[in-house]
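Only one chain is included here, represented as structure tokens and corresponding to the form predicted on its own.
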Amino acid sequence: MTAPLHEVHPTGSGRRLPDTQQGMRRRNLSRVMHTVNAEGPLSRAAVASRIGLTRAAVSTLVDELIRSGLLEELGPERPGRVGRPGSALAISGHGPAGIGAEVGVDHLAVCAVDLRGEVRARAVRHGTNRGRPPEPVIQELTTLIRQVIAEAEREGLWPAGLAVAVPGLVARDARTVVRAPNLGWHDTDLGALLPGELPLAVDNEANFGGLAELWLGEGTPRDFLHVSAEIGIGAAVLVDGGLLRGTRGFAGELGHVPIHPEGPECPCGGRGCLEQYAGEEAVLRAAGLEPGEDRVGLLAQRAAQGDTEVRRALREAGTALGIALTGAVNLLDPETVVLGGALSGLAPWLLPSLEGELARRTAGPACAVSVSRLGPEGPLLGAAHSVVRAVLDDPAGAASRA
């Protein structure tokens, strides 16, 4: 079993390498990769100017990155300019890829993302995982992972690591699911069940969704609360661009904040939790609808058609979300709340009552609320991009695993 991926810092700084000549080289390789990733295509001279190294030093680093398949040269940077044009550098469309996987209550999904951030392969299986033992679920997930890797390899990519999003509490070892109430899993070591040839990181789906919002969202601040709302409801707290994890790594369990302490029982063992009022299944029950494959699509369609029962159920779910979020906003003072997950597709009918509760109950000025453009794709994309960010943080380490 290979060691887990190092914890990815969302700003791209990653794990601090030793202050040795080798450590300095690896940090400079990372600086080159991040600069080209953020601003490329760039010439070697432009990279040198941005990171404060000599052109000769940058040229040596670039040659190493090209040999490793992490950068590629596109030709003259500006044809026709006065003087000799530099060759433009870009992140390679081949080489390492991040493999992201998601275990949902009603689906499994896997994708491969290249260093440019493009999804190059994808596989999904729909079907309930609730109450199923972890072993057959992970066996099916492994089949999808191998299918995606094979497709990515046909595209000239190789897997740099695997990150898995799960709807539950994950230990700080980044592989053990301590508890996933909506799956019925307890103390499950996914590292022992998944393929051992890839570096592995397991995390809560809301955390990966929050990181995806930070990395891929447009104009997302560095301090925000990301709500991932589907059958379960989780949250990721981003402070200065980093995840607030808590002592045991369990921060963000918004779905199990009690709204009505004597309310219905929750799979977590509590009563009156937010999920019992604002989760997908709770909203369907309140609207008098039967669960189906496209639950959110059904709710949105009925709400758009003016169905009074559906609109009432969504209004009440928004109220419950607003009550739970008020406590988090008063405690954490985020710059904004981002509504993600599947329920982001129901924002037009959730937001009025949600924002009303926040405005009425928040001690300070009402917190801004926005809707994620990633929607239910956030956790899967966040998982895959966490591997990509790890490669950008330590390209030398990634190249050594090729």
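So that there is no doubt, residue numbering starts at 1 and follows the sequence shown. Basically, rigid core = biggest C-alpha set you can superpose within 1.5 Å across the two forms. For clarity, every value in this text was computed on a predicted model and none was experimentally measured.
We do not show the form predicted together with a further copy of the same chain, though everything after this point is about it.
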Among R132, R146, R248, H186, which has any heavy atom within 4.5 Å of a further copy of the same chain in the predicted complex?
R248
Candidate from G117, G93, P258, G127 lying within 4.5 Å of a further copy of the same chain in the predicted complex - any heavy atom
P258
Assess the spot marked by L254, E335 and T362: is a further copy of the same chain within 4.5 Å of a heavy atom from every one of these residues in the predicted complex?
yes
Given the stretches 279-287, 307-315, 321-329, 103-111, which is the single one in contact with a further copy of the same chain in the predicted complex, using a heavy atom cutoff of 4.5 Å?
321-329
Is V239 close to a further copy of the same chain in the predicted complex, meaning a heavy atom pair under 4.5 Å apart or at it?
yes
Is L190 one of the residues lying within 4.5 Å of a further copy of the same chain in the predicted complex, judged by heavy atom distances?
no
Is E218 a contact residue for a further copy of the same chain in the predicted complex, using a 4.5 Å heavy atom cut-off?
no
Check whether G156 has any heavy atom within 4.5 Å of a heavy atom of a further copy of the same chain in the predicted complex, and answer yes or no.
no
Within 258-277, the residues having any heavy atom within 4.5 Å of a further copy of the same chain in the predicted complex are P258, I259, H260, P261, E262, C268, G269, G270, R271
Aligning on the core only, does the CA of C268 end up 2 angstroms or more away between the shown form and the other one?
yes
Checking A56 here: with the core superposed, does its CA move 2 Å or more between the shown form and the other one?
no
Given a superposition on the rigid core, I'd like a yes or no on whether T362 shifts its C-alpha by 2 Å or more between the shown form and the other one.
yes
